[in-house]
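Encoded as structure tokens, the following chain is the form predicted on its own, with no partner shown.
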């Protein structure tokens, strides 16, 4: 029998989302209210968890209780602080996070970008979710939680990952790709990191590592995040949106950055392009991404607008905000 001191913990941090949602009828998978069930109650409803834990202790903490469409910088900072504390503890083997699907990819990328490399290159941080509420006739949350624990306790696992519908995705590539199916996430061209099959993990690629040049930011001291917005290119696009964003507004921080969800390989309407040049002249950083679900922007050397290094528009926005914090 293991002594109490030798038992390793799996810490689950709850933030709300559909996985914690409830509807008035079990047959209703869209007319629910997110973030209604506490994380401790969710974990108590997962059959087979004891077997997957294999002697590890499961503990939970409610960091937030929100619909992830309403994710805020304040919740990110709280989540980062709690994840860091738990990863630093010798008796913690892994950290799991229950999260809504809408902004999961942004939270995963944020944590991948700011958590100390020494911590996430040694222990796993696994985000999981659900597309159906806890009240559903056939909820997907319990299986996703079971799979997330299986991933977290796989020997050698490390890095920030997302687990959903038996697929494991690295934080760098994960993207919500479907509005309704339970298998709602993709890793684009890269493909999934692994599959979870009957609580066994079949690894397809190496576990993810933190960026080599990752600079640590004192996130607990951040009060005002740099304002970075996303604009999209489309047929009949104009300069109006960019020009409006450049105008000062009472009580709103000045614009520091713009990410363009461009068409195709970073192409932009000529009027939008002209407006972005004005933004550059006004001291606003501009990054060019693509609205395409797969592929990355390939540009000629010395291109006029910096590209996003393959990041989706929402992840490029996070990266640019963090870069502007360091400036």
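Keep in mind that this is a model prediction, so the values were computed, not measured. Residue numbers count along the first chain shown, from 1.
Same protein, other form: the form predicted in complex with a small molecule, not shown, and the subject of what follows.
Q: With the distance limit set at 4.5 angstroms and only heavy atoms considered, check whether 101, 130 and 176 all reach the small molecule in the predicted complex.
A: Checked in the predicted complex: all three residues contact the small molecule.
Q: Could you tell me which stretch in 258-266, 63-71, 288-296, 45-53 has residues with non-hydrogen atoms within 4.5 Å of the small molecule in the predicted complex?
A: Looking at the other structure, the answer is 63-71.
Q: Taking heavy atoms and a 4.5 Å cut-off, does residue 18 contact the small molecule in the predicted complex?
A: Contact check for residue 18: yes, within 4.5 Å of the small molecule in the predicted complex.
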